[in-house]
Each structure stands twice: as structure tokens, then as C-alpha cells.
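A single chain, nothing else alongside it, follows as C-alpha cells in the form predicted on its own.
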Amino acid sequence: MRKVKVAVNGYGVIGKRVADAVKQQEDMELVGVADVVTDYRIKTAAVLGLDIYAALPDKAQAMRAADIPVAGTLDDLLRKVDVVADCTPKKIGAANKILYEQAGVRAIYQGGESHALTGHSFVAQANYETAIGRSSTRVVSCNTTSIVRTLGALKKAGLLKRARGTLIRRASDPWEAHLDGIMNTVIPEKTIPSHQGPDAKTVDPDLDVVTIAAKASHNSSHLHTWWVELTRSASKEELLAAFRLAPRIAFIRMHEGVAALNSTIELMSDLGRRRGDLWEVALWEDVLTVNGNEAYYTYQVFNQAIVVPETIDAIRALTGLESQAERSIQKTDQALGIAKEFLRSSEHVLMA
């Protein structure tokens, strides 16, 4: 079997998860990871046996002085791979683009970069085929990914007319909560629409979507509430069926005690998921309400992991490993253990 050789540049919140996911794919090989830090984050990669490279040449000496086994520079790593997943902080990816182009390596950027950087934004179920063979693409942000997944499900079922959503965003990632965040307040974003709606339209220009966002004083997961005008009167069962047919949407239920963001995070840990990751959109089945041609629903977005399967699919698309979205999604989801149900017996757990 042909294996695509992959580099991950940036071993942070997303990068370490992408690296793990690459290692779980039968058709991919993780060649190495690159970073500039000297603290526990990159030292963890060394403990896990990953080959480590200095993302900037002038950082290599400091990394070695911190007992990090540096195998070379980012340039050295790029000479060994077919594709790089750039998981560096916002705007650094844009600066790295010229390095990837000079090395002749295909590149995947994350949602912190602009759509203009690549001219293509990616969500596997929506536009996989348009990414095949491209030199680069941008996997959209966690919130935008969830919007395209859920609205895309309704659109595919012929039910979506327009959608209006409110996002309650987390204040910071858990690992840096001691450095940044807000306490005892909620901060409305000053612009309507917030950036997620327009960003979703970079993937699917036909979406009629507006988003409003606020930042709250918690540090794990985003909460979305949606009002959707349907193309016709429908039943709750029709909407559930549409969501059930779509990839990477899983149902949770208040009456089973999964009543808040922390409940779902605890559930993922109890199920033995690495880092407690939730790759799916976790949609509350018993909250979803349909009234004629209007639907209302709520779901959770685990910001640290939801874009990981999309990044894996983007690797297959750019490198031509797989020509069909459905087959790539199935491969990724089986390798990671992505499901439609968490608390049902095994014969009822459907892979996306």
C-alpha cells in the first residue's frame, strides 16, 4: 500500500492531535513534527518517540540545550515528505507558505489563516473533490466546521432554506487558561455577523447563514444554538434522519444525564478516548424542536479536536490518495473510532 509521508509543523493543541491521527491511518506515515518551543509540549513528543525538528534554524541550539533530540530543521523535514499539516498559531502559517512552495510540498493550513491564503477552504463532506490534487487548502475553524456539517446535512436532505445561529464561545484553551481568559462575565462580539457564518460560505457559497457570537468564562468547548427556516413543513424525525445520515454528527441526550458541556467531556474520558477528544458535533437529540417549517437545535463543538478528521481527509485529497469523499471519511472515522452514538449497545453504534 502506498503511504503518504506527512510532516506536522506546530505540535500544539491541534498539531499533537493531527500527529496522533496520522499515525492511526494505514495509508499515511508520520515522518516528523516541528516546533520552536523547549517546554513540556515538545518534550512530550520526544517521550512518545516522534522525530522532532526545529521549525526555525536559530531555535535548534536552544532546543538541544533543553535535552530535546532535534533531528534537523524544518527544511530537512520538508525534503522527506509529500505534505505538511501546518498547525502553527494564527498568521504563522501564512509566513510558512513560501517555505512549503519552495520545497514542492503540499500544505494544509488551519482556520486561523485567511481563505485568501489558499483560495480554497475545506470540509470533507462539502467539497472534498474540489481539493483533489491542489497544492494547498485551509481546513476551516472548529465552529465553521460544525456549521458546514450540520447545515450541510439539512441542505443535502432538501430541507435548508436559511439559518441563524448564536455561538457561546470558550474563553481559552484549557492548557493556557492560567495565561488568558475571562472570569465572571460574557463578552459579546462587536460585529454581526460574526466571522463563522461568512467563513462557512467560503466552503459552501449557497448557504444562507448568519451567526452571532459571544465569549464566555469557560475554557472547553463552544455551544451553538440554531434557528433554521426549512424549505417546507417537516417532522422532528425527518431532521434527525438528515443528521443521522451525515458524517461526524453524534447524538447526545439530556435525559441520559448529558446535560452540559462538561458532561460530554467527562463522557469522552469515560469511554477511553485519547485526551478525552470529541471529534463529532455533539447534537442534543431531545432538545431539537420542529414547528412546521422552523427547526431549533443545540450542539457542542469540542474546539480542540473537531478539525482533526478534516485535516486527515485533506491530506488524502491533496495527495490524491482517495478520489471519493465518502471513502476517505470512512477510512478516517474507522481509524479514529468516530461514531453516531455514544450510549447505545454496539449493534446500534453507526460509524459516520
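This is a predicted model, so every value here is computed, not measured. Numbering starts at 1 and follows the sequence shown.
If you look for the form predicted together with another copy of the chain, you will not find it shown, but the lines that follow are about it.
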item: Output flag, Val210, Ala260 and Tyr296 jointly within 4.5 Å of another copy of the chain in the model of the complex, heavy atom basis; value: yes
item: 4.5 angstroms heavy atom contact with another copy of the chain in the model of the complex for Glu229; value: yes
item: Touches another copy of the chain in the model of the complex: Thr44 (any heavy atom, 4.5 Å); value: no
item: Contact test in the model of the complex: Gly119 vs another copy of the chain, heavy atoms, 4.5 Å; value: no
item: Residue contact check: Ser235 to another copy of the chain in the model of the complex, 4.5 Å heavy atom; value: no
item: Answer option from Asn127, Ser217, Thr73, Ser114, heavy atom within 4.5 Å of another copy of the chain in the model of the complex; value: Ser217
item: Partner-contacting position among Lys97, Lys80, Arg273, Arg162 - heavy atom within 4.5 Å of another copy of the chain in the model of the complex; value: Arg162
item: Stretch in contact in the model of the complex with another copy of the chain, which is absent here, among 82 to 90, 127 to 135, 180 to 188, 239 to 247 (heavy atoms within 4.5 Å); value: 180 to 188
item: Contacts with another copy of the chain in the model of the complex - residues in 250 to 289 whose heavy atoms fall within 4.5 Å; value: Met254, Ala259, Ala260, Leu261, Asn262, Trp284, Asp286, Val287, Thr289
